[in-house]
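As a starting point, one isolated chain is supplied in structure tokens, in the form predicted alone.
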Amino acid sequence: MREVFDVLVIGAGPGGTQAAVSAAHQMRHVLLLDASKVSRRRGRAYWSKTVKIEDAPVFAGITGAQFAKALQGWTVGQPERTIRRGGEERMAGIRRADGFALDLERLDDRTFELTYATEALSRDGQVGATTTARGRTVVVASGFEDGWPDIETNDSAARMYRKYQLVYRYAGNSRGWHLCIRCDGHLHVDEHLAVVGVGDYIFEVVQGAQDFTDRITVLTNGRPHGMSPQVLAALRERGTELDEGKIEAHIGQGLNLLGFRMADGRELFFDGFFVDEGLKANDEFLHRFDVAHADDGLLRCSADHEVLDSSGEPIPGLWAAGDIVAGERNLIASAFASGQDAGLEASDSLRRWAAPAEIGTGDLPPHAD
């Protein structure tokens, strides 16, 4: 018979790693799928190349590259091993696999089948060798892709790492692009910040930036600002500048981003650069399921991190953790918390017997004599 894991965890960031560790700690057999070598995608947690991550529990004070290694090392504490339960031998622990999720299918009420690529995708996104794995439950922790401004990018390239190759040269240091004002705002206290984006949601970045500085400029990169009258009035009332000029190119020195050259010939210089161009969940492999997405494009989940369908009902056997979950802060600590919740809930769902129905209802049966 084919091997069937207790839990398939798709994504090996902080949320997915925590889910795998939590499930394995409950003696479940877990397959942890890491897409980084195959897809070349990197989540926000790994971006920091020179600035240390200071607010991540357990792994504080390390850079993104070190954080990735620390997460991988963490899973070593839950190795695959044989245990005995109910007079039978079965497997427990974590097996890591390099792979990019392509398709998830429900074979029956008790089994999912995951198809994933096992070798690096070609530069135009073509898939080579693939394989499959089966599991009784699934935790989706594949994160999201951030939208990026159209500045010095190669739009003909299909893969994200190619399309944004020149933007990435500035990412991951204090004088480069930032995506999270909560994470990186402290690097630019009392400095002049550029915020690139449009629409009312960009005001959330401006609102968060007030904790660090009063000098903020919103750049729309040649687009109408798209803000409602109320938000535009609030922006101007707080002294935030609005520039609707087109950004033509970066102005940089080494790995430091210094400013922008505008299409009208102006050169604008800032101390920090934040961007919010929207999000896209990495959930293409869930196309067989009627998953519900929130307004921000992320997965709607229950309080127990069960993935919800379009009617608001949980999809049996399917949980989500980390940045892909709608309505949660996109922070490492939040990803750990949701990962633990999803991993434990998936593990608990596999128990052979449940508590009597009376327990927890306030109508407990009397003790036997």
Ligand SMILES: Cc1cc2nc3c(=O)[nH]c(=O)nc-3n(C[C@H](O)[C@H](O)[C@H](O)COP(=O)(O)OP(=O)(O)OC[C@H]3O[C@@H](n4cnc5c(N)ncnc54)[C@H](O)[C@@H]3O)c2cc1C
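A residue's number is simply how far along the shown sequence it sits, counting from 1. Here the structure is a predicted model, which means the values were calculated and not measured.
Separately, the form predicted in complex with the named molecule exists; it is not shown, and the next lines address it.
Heavy atoms within 4.5 Å of the named molecule in the predicted bound form are found in one stretch of 323-331, 23-31, 303-311, 340-348, which is 323-331. The candidate spot formed by E204, V218 and G272 is out of contact with the named molecule in the predicted bound form: none of the three has a heavy atom within 4.5 Å. Taking the partner from elsewhere, V196 is found to have every heavy atom lying beyond 4.5 Å of the named molecule in the predicted bound form. Within this chain, C183 lines the site of the named molecule in the predicted bound form, having a heavy atom no more than 4.5 Å away.
Among residues of the shown chain, G135 is not one whose heavy atoms approach the named molecule to within 4.5 Å in the predicted bound form. When contacts are judged by a 4.5 Å heavy atom cut-off, L179 counts as touching the named molecule in the predicted bound form. Residues of 74-111 lying near the named molecule in the predicted bound form, listed in sequence order, are G99, F100, A101, the criterion being any heavy atom within 4.5 Å.
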